[in-house]
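Given next, in structure tokens, is a single chain: the form predicted on its own.
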């Protein structure tokens, strides 16, 4: 089973992705990790990407997309969940074209929707467990509020990413995601049109629900 997941930062897609990874034994592939692995491993694509990153430039799609595809093929032999890519319509279209060429499938596309103001508030309250970043802890959500500053799942130490505490940085990330003309939502709509044509299946989830309710609805939709 191959799944492409969309959702703004703060929507809970990382948590739901971790649940799917464990249940279906999927490779959870996140775009940032792909760059780190290729650059750290010294691959040819990684070396090319590093030149752009070191200059502070965006890595061109002609490098990024082959890097993504190579990771999907090498790590996703039992199925994969791709998170954080594509981020715009051009990337979505090119990714789909290359997936068709390689014979890979996108069985499901999952979109977790959430109002922007709620997503921002969740990010500002998000706390990361040192033992597992996917343990849900948020000081602004009663259902998953940590007790005594410790992870509510395992009791591990909690911390916050510096960019999670920077409202302007959060807004910048969300500017990209919520742009339905040129941003990530536009990429999601590209795949929704493909689903309307029978090329894949599209699952829409309301991210305002609690974690278990979203999980149950997602699992039911996956059959």
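Rigid core here is just the name for the largest C-alpha set that superposes within 1.5 Å across the two forms. Remember, predicted model here, so these are calculated numbers, not experimental data. Residue numbers count along the first chain shown, from 1.
In what follows, reference is made to the form predicted in complex with a small molecule, a form of this protein that is not presented.
J.: Select from the listed residues 85, 80, 96, 108 the one whose heavy atoms reach within 4.5 Å of the small molecule in the predicted complex.
T.: Residue within 4.5 Å of the partner: 85.
J.: Counting non-hydrogen atoms within 4.5 angstroms of the small molecule in the predicted complex, say which of 167, 41, 32, 198 makes the cut.
T.: Flagged contact: 32.
J.: Find out whether any non-hydrogen atom of residue 91 is located within 4.5 angstroms of the small molecule in the predicted complex, and reply yes or no.
T.: Judged by the heavy-atom cut-off of 4.5 Å, residue 91 is in contact with the small molecule in the predicted complex.
J.: My question is simply whether residue 70 lines the interface with the small molecule in the predicted complex - judged by any non-hydrogen atom within 4.5 Å.
T.: Contact check for residue 70: no, nothing within 4.5 Å of the small molecule in the predicted complex.
J.: In the predicted complex, does residue 173 come within 4.5 Å of the small molecule, counting heavy atoms only?
T.: Answer yes; at least one heavy atom of residue 173 falls within 4.5 Å of the small molecule in the predicted complex.
J.: Heavy atom to heavy atom, is residue 157 within 4.5 Å of the small molecule in the predicted complex?
T.: No.
J.: Looking in the predicted complex, is the small molecule within 4.5 Å of a heavy atom from each of 132, 138 and 217?
T.: Contact check failed for every one of 132, 138 and 217.
J.: Rigid core superposed, CA of residue 35 - does it shift 2 Å or more between this form and the one not shown?
T.: Indeed, residue 35 is displaced by 2 Å or more.
J.: Using a superposition on the rigid core, decide whether the Cα position of residue 67 changes by 2 angstroms or more between this form and the one not shown.
T.: Passes the 2 Å threshold, so yes.
J.: Please check if residue 45 moves between this form and the one not shown, taking a CA shift of 2 Å or more relative to the superposed core as movement.
T.: It does shift by 2 Å or more.
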